[in-house]
Each structure stands twice: as structure tokens, then as C-alpha cells.
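This document starts with one chain, in the form predicted on its own, laid out as C-alpha cells.
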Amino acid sequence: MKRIFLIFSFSHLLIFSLVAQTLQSPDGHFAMHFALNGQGRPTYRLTLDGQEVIGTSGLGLELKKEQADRQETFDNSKHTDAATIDQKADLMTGFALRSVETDSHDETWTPVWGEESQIRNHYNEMCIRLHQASNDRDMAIRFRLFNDGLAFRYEFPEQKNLTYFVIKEERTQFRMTGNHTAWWIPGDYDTQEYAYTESRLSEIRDRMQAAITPNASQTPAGPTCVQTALMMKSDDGLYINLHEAACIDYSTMHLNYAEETHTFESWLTPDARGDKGYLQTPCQSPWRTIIVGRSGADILASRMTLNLNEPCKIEDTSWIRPTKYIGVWWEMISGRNHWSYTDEATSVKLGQTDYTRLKPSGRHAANTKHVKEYIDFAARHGFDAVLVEGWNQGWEDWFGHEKDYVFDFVTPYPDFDVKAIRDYAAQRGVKMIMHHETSSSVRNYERHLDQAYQFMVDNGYPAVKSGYVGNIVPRGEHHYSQWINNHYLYCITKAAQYHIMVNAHEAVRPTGLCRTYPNMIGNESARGTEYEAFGGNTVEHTTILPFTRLIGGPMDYTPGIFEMDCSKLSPTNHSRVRSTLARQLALYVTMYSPLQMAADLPENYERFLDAFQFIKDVPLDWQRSLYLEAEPGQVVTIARQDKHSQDWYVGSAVGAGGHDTDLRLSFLEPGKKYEATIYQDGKDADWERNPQSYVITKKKVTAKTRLKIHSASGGGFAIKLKLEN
């Protein structure tokens, strides 16, 4: 490991203010060029083998003006005019170079669970320390250049003239070199549950309104604002992904696009007052990440987001286990049954409702008898756990005006016997997954958190699925602001104290924090399978998510739907799942998660037991992952080796155009024979006309075998490759 310090005396700062600094990646292909422009603003640009990927882009933050005035008063300084206050609110210009520190790092670390059993973290680093003489303030920008791209963050050391400050806006820029093709969703302070739009960058403004659908939970950020992870492809074949890593005690970043310069600029999520962040030195921003590759596979293979997070902070991780589960869920999502015990809406406080006197609706799914049926199915087919939604009192008015106190997370409905279910599941060797719908009443949840987690421990629930549907109360915070991001992390760290794994839905999109807190076993934060019952996801949706949402961490997508016609579950639901049955199997490989649900009803799996076998067999934890085909919107084909055997599994999901795959099995161990079980679309398969047409074949294969497989529109295939003894 090498470290170089270049330190200049204060009297020589201006001499070096325009001196460029260059950092190269370990393999020498990438170069980051840093400089201060004529106004003393930090800038950077990124090249790959001499080709410009990011043009010269500005860096810095704009502070809230009245905060600068408060800082002045706090420092007992003399009051100054408005122009000086404006300058004090500027952490963008007037900087000079104080020092440059370089370092290199190369380690291999072991994740608790993941897409591979060992991850290499290899980068060169440059820390640029800057001084703003007009305000006597210091700021550093730390760059890390990997063999797959660039990351950087702002650092604010402890200092006299910058103690606390309020961010008006972060002004980080990413200047694109052309009118790239992009896969994007609208910038929104409260949800990522949008369908992806594929367009040129110049078309974002015109297509934004069509991309925003009416939804009370949505708070669009602006007509040219998009969310990360943003996936792009240049005309000359470069794949570029913009995101962030280690978002802690900070607002979530969106990207605002300026068409005239092809430049994205950071746009932070505000709080209820409109402020974008409250910081106190010493502190730092999240990492801003630029992953770049010559192929789509390079993007999927990147581990930059994880590598930029701190190592695991949980000393004993033996209780954190990948989990395959079924649950009382899809029947409510599809409309067959209800979460609530009664159809009668109650508007009185929790604790004042006598549910034993209310007439049950007859459609409450979370009842003891029905849950035991799910437990039996899980035990019979080797599943780890059963999730139950709608078990606790309050669902009659959970989304209404009383939601700020409707749930206490320990009080079941009369027809849900917690102890009986606990004992029955234990006898059958099945774990239970708790459900906590907070209805976004965050303070209420925090008040009950210790009691709720202890209740889980006492009743054998090692994992919780939490939900944040609706507007945040009590003061109208946004789902992605600094305050609520801190709440999500608080829940995860509190859960670790009770040895509980967390799967948060409607929460902020992940930024790799699962490395630091691996009990963060899953997240939603995008359109999942539930939208297939709400009108349907686009056919291309699951071929885009690996390049976007999954860059930050695994998603609880809840795949495995075998009955595509929702009207067969509820006559009032006319949605169709836009997928063939074979592609539903493939998603267990292409949509990585250590938490995977077989989301359909047990009765539908009983109809297709031969296809269901793949869901039973497919592992959740991997030794190696190879990305064989990767083109957003078209095809994702991934091969993964089981962490606990020499077996391999392959999954391929394709878009509306169908796809022909020439699959070379050269990744198999040479000289060994494997039995391949291939689950693929039938010749007449089509997601819309014949989604349940599939063929299962078995054959002997080796590393020299080539398989030519056709996938239908919205189709795919899944393969199990078992090593023969």
C-alpha cells in the first residue's frame, strides 16, 4: 500500500489552484482528471482508454443562506452585507489546492451472503484537500478509481468556521458526451414504483408526463429529474451507470438533466421544510458512483457499490440466513381475500375496538386454519418460512385519517392464534416471517419497535417485512429525505440487537448498506410482482431492473407466478402477468436476492409440480456468478454456481421481441459430466397468448456443450446443472 502527500504552504495555494491532478485505475484503463477552474470551482472528468466518458463537470454544494448568517452569529463575527452572506453560502467556488494524498488498496473480503463468496476491492485513491480563503473553510473530495469506474464523495473536517450547515442543494455534475440512450424513471421523493422509460436523453422532458401515473404517494421532483440508478448506453457502445453508495445521514440523490449541455446535476430529496440536509462537521456525503463498461455484463458484474460501504458491523452473523418462503400475500394482492378481519370500517383508536363483537367478513386470509395450510405446504416442499400479512388489528382504517396510531404490532385479530401458529410451525420445522405495515406512521413505529421486536423473538419470527405505504406522518416528510433515511437505518440496527432480519418495502432504494448490515436481507423499492395484479408490469421490466434497481442491493421481487390470469383469482381483477411460466423460473437466477418468495398460491403450484421443482431446487447463496448475455430491455442471462456444491444454475429473461441464446457451457469444470434439467418456453409459448406452455428436458452435458435455446416474447429459460459423481 502506497501513500503520497503533497502539501503546500498557505502562501503558495493560489500558485497551484489550476494545477491538474490525474488518478489512474489499477489496470491503467481509466483516468480521472481533477482541476480547479478559473473561479476556483473543483472539476473532474473521466476517460476510458483515452475516450471521454464524463466531460469536465463541476463539484460543490450550495448552503442555505440564512444558515450562513446563523453561523456568522454563532462565531461572534461582525454582521456583513447580503453579498457576503451569499458567498458564505457557497461551497462551490473560491477554492485553492491545499494538499493531495494518494493511496492504493487491494483486498478480498467475504460477504455473509451474496452473488459470490469472495469479493475483490481494488482501487487507487486520491484525496484532494481544498481551502476556501474567503471564509477560511476546508473541504476535501475523495476519489476512488476502480477497474470498473469512478466514485467520489465530499468530506468536511472539523473546523472553526464550518461547524453545522444546512444544504440548499448539492451541485455535483455528470456531463455526458452525447445524447445517450437511457433507461429511467421519474425523479420522485416518495416512490420508485414506476415503469421504466427507454429514450434518448434529449427526450426526457417530453416523455416525463407520460411516465408519471396518478398515485397519491408520488411526489415528482421536476420535469427533467430522474432517479438513480440511471442506466445509459452511448452510440459507440459504452455502458454507463450513475448511482450512489453508502447513503447514511444524508438525503437520497436524484439527477436533474440539462439538455443543452447533456449534463446531469444532483438533486437531493428535501425534508418537510424544503431543506436538503442538516450536517455537522466532521461529516461526509455518500459516494457518487459512475460504473462504466464495454458491455452490459460489465455493469452487472461490478461490485463497486458494495465495496464503497463499510465492512460488516455485526460481529456474530450466524443468525443471518438466506431464506426461501411462501406467504399469505398474493391472494390479497390479487383481490381474492382481504387483509382486514371485517368489512366494517372503524375510526376509533386501536384498543377501543372490540373485534370479538364485529362480524367477520369471511374473507380474512390471515386466520389460524388457513395459515396452518401454508405451513403444511412449506414443510412438504422444503421451504424455510411463511409470511403472513393482515394478522394484526387495525387494517380497517390503516390508510385512513387514524393511521398515525392504528397499529401496535403485537395485537392479533381474534381468528389469528399467535401461540398456536408458533407451536405448529415449530413442530413442522418452518419459521414464520412477521409483517409490520407502518402505514408510514414512522414515530408510532419507533415507539413500538422494541416491544414489536421482542414479540417476534418470543414467538419465533426471525425476519420482518416492513411496509411504508402512504404519506409520512407526523410532519409530512418524504420517503427519501435525510430524516426518514435515518429512520430506516435505525430500524435495521435495532433489529440486529434482536437478531432479526429486515425486508423493507416502500423504503428508500438501497445503496450497498447490506454489506455493513447484512441483516438487511431484502428491499422492494421498485415495481415488484404486485404490479402484475395492478395492471401489469411492462414485458421488459425484469430485463431492466438488474441494471438499475439491483445495482444498490437485492430486491424482494416476489416472483414465481404460475397463473397469469388474475381474473381466475378475483373476477373483478382483469390484470395479466406479462411473463411466461418459464421466465418466472428464470427470475430466481436473474433477480438476485438472498430472500426469495414463491409468490403464487399453493394450489397453482400443485398444478405444475414439475416446473415448481426448479423453485424448490434453486439456491439463494452463490459461489460465483457469470453474466453471459446482458442488454437492458432485451435479455439478461446469468449462470451462478451454488455456494455449497459444484452445481450450476442458469436463468435467462427476455423482452417482448423474444431471443435466441447460443449457450456455451465452458464455465463447467473440464472433464466432468453434468445432468442438465432445462425448463424452457414451449414452441407455442407467448406471454400474452400461451404463457403456461413450457417444456422440461434432461440431457448429459460437459464444458464443451453448446445449447441453442429459443425464448418466446416475455419468456426465458432456467437450467439446473448437477455434477454427476
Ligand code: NOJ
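In this text, residue numbers run from 1 along the sequence as written. The model shown is predicted, which means the values in this text are computed figures rather than measured ones.
Absent from the display: the form predicted together with the named molecule. The rest refers to it.
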Every residue of 329, 339 and 506 near the named molecule in the model of the complex, heavy atom within 4.5 Å: yes
Let me know the one among 478, 541, 435, 515 whose heavy atoms come within 4.5 Å of the named molecule in the model of the complex, would you? 435
Which pick from 530, 415, 169, 198 sits with a heavy atom within 4.5 Å of the named molecule in the model of the complex? 530
Quick one: find which of 487-495, 173-181, 331-339, 631-639 has residues within 4.5 Å of the named molecule in the model of the complex by heavy atom distance. 331-339
Answer yes if any heavy atom of residue 288 is within 4.5 Å of a heavy atom of the named molecule in the model of the complex; otherwise answer no. no
Does residue 391 reach the named molecule in the model of the complex, with heavy atoms at most 4.5 Å apart? no
Contact label in the model of the complex: residue 276 to the named molecule, heavy atom within 4.5 Å: no
How about residue 524: is it within 4.5 Å of the named molecule in the model of the complex, going by heavy atoms? yes
For the stretch 451-476, I need every residue with any heavy atom inside 4.5 Å of the named molecule in the model of the complex, listed N to C. 465, 469
